[in-house]
Every structure is written in C-alpha cells, then in structure tokens.
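A single chain comes next, written as structure tokens; it is the form predicted alone.
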C-alpha cells in the first residue's frame, strides 16, 4: 500500500527534474551529443575507407570493439541480476537504487550489440545471419540469447515503471506539455492502483524479475562459450562461463556505485541514498572481488602448471608486454575493494566510489587482456609476421567510437531520469511491512 503524502512529497522533489531541463543539463547533453557526433564521423570513415582505418589485422581480428561489447553486455547482465535479486528479496534499502540498476540493464544492453556491428566489414550481409544462420553456431546462439534478453529486460523495466508512470499522469501539480501528459496516460494502460491491479502487477513483476536473472546468466554464459569452444590459448577453458558471469556482476556493481554517487549529487538525494547503501553495495563488491580473484587464479594457475606451449607463450606475453595492465586488472582491481570494505575506518562514500572506479577500469582491462593477447599469440600463426600485422594498436576511429558509446550511455541515463524519476517513487512511498536489514545509524561490520 502506498503512503499518499510520501508519494506526493517525492513527486514534488522530482518535479523540477521532470518538468524542465536546467542550463547545466543542456550543456551536458550538448557535450554528449558532440562526442556522439565525433563517433558518427568515425563510423562513416570506417564504412567508406574500410577496416584498414582500425588497428585490426589478420592476427588480431577483434579489438576494443569486442572488448566494449563484452563490457557493456556484462554491465547489462549485472544490472539485470542485481535489480531482479533486489526486487525478489524486497529489502527496504533497495528502494532508492533499484531503478538505477534497471536502467543500467536495459541501456547497456541497447549499446553493447552495436559494437558487434562495427566489427562487420559488410553490414549489407547482416540479414544473412537471420536467413542463413546455423543453429549449430555459437554466434547464432548469442544472437537469439541477446534478442531474448532485450525483450525480457524491456518488459521488466516497463512493469517496474508502470506505477510511477500512472503517478505522473495523475499528479496535478506537475507542469508538463499536453503531449507528455497524453504519453503518460497512454503508457499507464488505465492503471489506477486497485487491489486486483496491484496483485497482478506484482505477480507479473516477480515473474519477470526471476526470468531476467535466469536469462542474464544464460546469455552471458553463451557469450563465454563463444570463446571457450575454440582452441585458442587463453580461451579454451571450462570455467569461462561462471568466470564471465562473476566478472560481469563485479563490473556492473562498480558502475552502479558510480551511478548512485552521480545522481545523489546532481539531484541532491542525500536524504534517500545514504552511506548504508554504498556500504551494502560495497559488501556485494567485496564478495564478487573474492570470487573474481578465485576464478582468475584458477584459470591462470592451470594454464601455467599445464605447461602447454601455446599457454606458456600467452603467459609470457601477459607478463612482459602487458605486465602493468595484468597487475592492475587482476591484483589491484581485487585487493582495493577488499581493503576499503574490510577496514571499517575506510568505509566512506568517497573511498567506496574510488574503489568502484578502480574496479570498472580493472574489469575493462581484464576483457582487453582476454581478447587481444590471445589473438596476438594465435593457435596457428599466419605467414606474414610483420609487427604491424601481428600486433594490435587501436586507432583514433576505435577510440572515438568507444567514447561515443560511453557518451550514449550517459545520454540515455540522463534522458531516462528526465522522463521517469531515477528513484522508484511508488516503492519509496510504500508502507514497509517489516524493518529493513539495518537502520540509518547502523553500518555493516
């Protein structure tokens, strides 16, 4: 049951963000559009001049496009798993941050597959994948899985937003253009909050929450299998499925913490997003750091101890050409969260934010170390071994399109927060049935 005074109070607080766009927001949006514009120019350059404008060659046929694809898909699945789990467990502290996790899931999922298209030399042949795709191919599995995940996450996001859309439709104090009122009215689908509607909506949302968790695990496992079913050194591993899933949730937790901090500052949500939320997410990050460190150690230990020639060559490359990225991604990226959360005096919002930023950078580098060094030490070397063909150096085109993807992610998050409050107003205004896991004054120890 919703508490009407609380709901109206929250709607009044979010009204300025919903009704108008401030001058600073306009400048921010223009900046993001400028970065996206540079990315569009880079894309046109790549299409007209071919893949030779990138650093990809015969050996390294995948570069940071695939790294970005894996990273964005990982953030999406992390958002789906976190939002789905928080919804099903119904803990009180989840309410201010669950919508951010839902946004993270769908926005990342819409951007990630775009980087696959950038790797395709003949975009005109893309329909052939649907017409002539072979079900035996892991690539076909991935296309089916990602399409299913997009559909499922959109339904879950819509169901979780439905009550807030109806609240925006009915809130008379909100000064909006007629077209937006009509849009909210259409999207609300006649929802009025009757007990029967509430019952059906909660049941449907619970079902979709469970489904998106399952779909996320399955889809990211399929993505991992695309690598592990090959004989390439570094990829041929039986633990790649769970390793990818853990790494995905780990990186997504870091991004969610950064998102919480940004929106907390921009919209002045200190009253709702408090230290306890950062500590709770930090504890989750520590658990995932331990699991990620364990899987990383297991993967590299078995490769090193097995003494296979190709694996030995890969490890030599990692500890020579990629020494510092390897140390940062697999050591610093694991140890920093453990120290920050493990030592009570260090559990401040700023320290947790810094550790989250380190985790995000480390996990991007981890994806890079999975893709590029393996391709630089191929299972069957090509005849032409010139350094320009054997090694990978990203060009401005790839960097521009990477920046454009990040800018599009920020833009969609910004626009989403202007359309529907970034906090779930309906859940925030619900009368709690039981006390949450800890009070405002309590912290995790």
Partner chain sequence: MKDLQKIVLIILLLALVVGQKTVTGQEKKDTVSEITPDLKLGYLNTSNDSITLTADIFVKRETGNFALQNAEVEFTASADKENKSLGKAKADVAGTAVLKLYVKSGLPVDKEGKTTFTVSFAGKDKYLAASGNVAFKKAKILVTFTKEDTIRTIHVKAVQVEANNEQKPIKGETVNVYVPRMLSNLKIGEVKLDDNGTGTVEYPGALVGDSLGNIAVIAMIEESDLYGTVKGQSTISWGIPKQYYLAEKPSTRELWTPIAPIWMIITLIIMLTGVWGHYIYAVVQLIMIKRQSKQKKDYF
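Predicted model only: the values in this text are computed from it and were never measured. Residue numbers count along the first chain shown, from 1.
One more form of this protein should be noted, the form predicted together with its partner chain, which is absent from this view; the next part is about it.
The candidate spot formed by 192, 200 and 208 lies fully in contact with its partner chain in the predicted bound form, as each residue has a heavy atom within 4.5 Å of it. The stretch in contact with its partner chain in the predicted bound form, judged by heavy atoms within 4.5 Å, is 154-162, chosen from 356-364, 154-162, 87-95, 174-182. Note on the partner interface in the predicted bound form: the residue among 301, 239, 204, 343 having a heavy atom within 4.5 angstroms of its partner chain is 204. A single residue from the set 261, 141, 326, 295 has any heavy atom within 4.5 angstroms of its partner chain in the predicted bound form; that residue is 141. Taking non-hydrogen atoms only, residue 215 approaches its partner chain to within 4.5 angstroms in the predicted bound form. Mapping the unseen interface onto this chain, residue 148 counts among the residues with a heavy atom inside 4.5 Å of its partner chain in the predicted bound form.
Residues of 108-143 lying near its partner chain in the predicted bound form, listed in sequence order, are 134, 135, 136, 141, the criterion being any heavy atom within 4.5 Å.
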